[in-house]
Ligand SMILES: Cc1cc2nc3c(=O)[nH]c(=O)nc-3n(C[C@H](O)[C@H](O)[C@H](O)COP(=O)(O)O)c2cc1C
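Before any questions on how it binds or moves, here is one chain, the form predicted alone, in structure tokens.
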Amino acid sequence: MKIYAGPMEGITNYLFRGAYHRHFSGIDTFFTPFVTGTHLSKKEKRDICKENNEGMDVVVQVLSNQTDDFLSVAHIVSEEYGYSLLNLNLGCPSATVTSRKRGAGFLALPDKLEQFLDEIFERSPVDISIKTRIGMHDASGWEQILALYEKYPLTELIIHPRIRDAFYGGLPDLDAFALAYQTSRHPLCYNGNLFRKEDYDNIVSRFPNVDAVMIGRGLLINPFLPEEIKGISVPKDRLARLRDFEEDVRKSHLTYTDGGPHKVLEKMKEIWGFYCYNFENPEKLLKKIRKAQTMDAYLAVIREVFSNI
């Protein structure tokens, strides 16, 4: 069973991935936050550059509903960066994305989606996988969406079995995933609500032949989760590893992130929105971190957190 690190916009960039790879194990493939547009920005180029992802298997994710934009990115990642696979994002629930009929919003336009897929699969210089939700406002069209995917030579279908309007609330629709499991010819990856080893065990118990799972928020909440799933025994103290990982992420951002310490502080606060659950009284801790207005104030909180090491 392969374990993928799911992309989270604004968090899981190459600095985060590199630090995670240095301090934890168990991830087989990392997916980048999505790239958009006809040309890659300087930030996006840094994120996918092979030198910034050394030692990791990385898949670039693209967000698009325009054939020329998708194909432009495909040629860039293939010819300039040596990638042979793109992952198409049909799952992002963000209002700014779906209002433009991208991400999960594209699922509400099956005819246009079919035309788009016809064109990119005919002309793409790289292989294509898809990450999808099961619908926009409801799952009544899920069977039709699945049938559409069956027309194309996907390398993999990654399914987050929620509709867009659910965002990340409630429980994933495992019956919807079961439909794909029973009918799809494509390799399948399950994504959604994997926070504990027990969550993984429940999925594998029901879907024993699934090819992979993707962990998104669960990886930030519990960075040890892939090791726990795979039974990897790492003797170093958990608290020390959490400390070293935080320090690596912070110092990497201070070195390479534009905007100075204030920008890095915003980034670290965003990460701690998940990371705090590794500690006692997570809400209280997060409140302290969010209250810090300078890097020095933030570091004072961090030193207190790890004072027992």
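The numbering used is simple: start at 1 and walk along the sequence shown. The structure presented is a predicted model; accordingly, all values stated were derived computationally and were not measured.
Not on display, but discussed next: the form predicted in complex with this ligand.
- Three-residue site Pro7, His160 and Asn191 fully in contact with this ligand in the predicted bound form at 4.5 Å by heavy atom: Looking in the predicted bound form, the three residues Pro7, His160 and Asn191 all sit within 4.5 Å of this ligand (heavy atoms).
This ligand: the contacting residue among Ala104, Ala180, Ile215, Val73 in the predicted bound form [heavy atom, 4.5 Å]: Contact with this ligand in the predicted bound form is made by Ile215 alone.
Arg164: touches this ligand in the predicted bound form, heavy atom cutoff 4.5 angstroms: Because no heavy atom of Arg164 falls inside 4.5 Å of this ligand in the predicted bound form, the answer is no.
Please run the contact check for Phe34 against this ligand in the predicted bound form: heavy atoms, 4.5 angstroms, yes or no?
Flag for Phe34 set to yes.
Even though the partner isn't displayed, in the predicted bound form is Phe121 close enough to this ligand, meaning a heavy atom within 4.5 Å?
Contact with this ligand, no.
Worksheet item: So in the predicted bound form, does Tyr275 come within 4.5 Å of this ligand, heavy atom to heavy atom?
Response: Residue-level check for Tyr275: no, no contact with this ligand.
>> I need the one stretch from 65-73, 239-247, 26-34, 47-55 whose residues put non-hydrogen atoms within 4.5 angstroms of this ligand in the predicted bound form.
In response: Partner-contacting stretch among the options: 26-34.
*Any residue of 120-135 with a heavy atom within 4.5 Å of this ligand in the predicted bound form counts; write them all down in order.*
The one in contact is Lys131.
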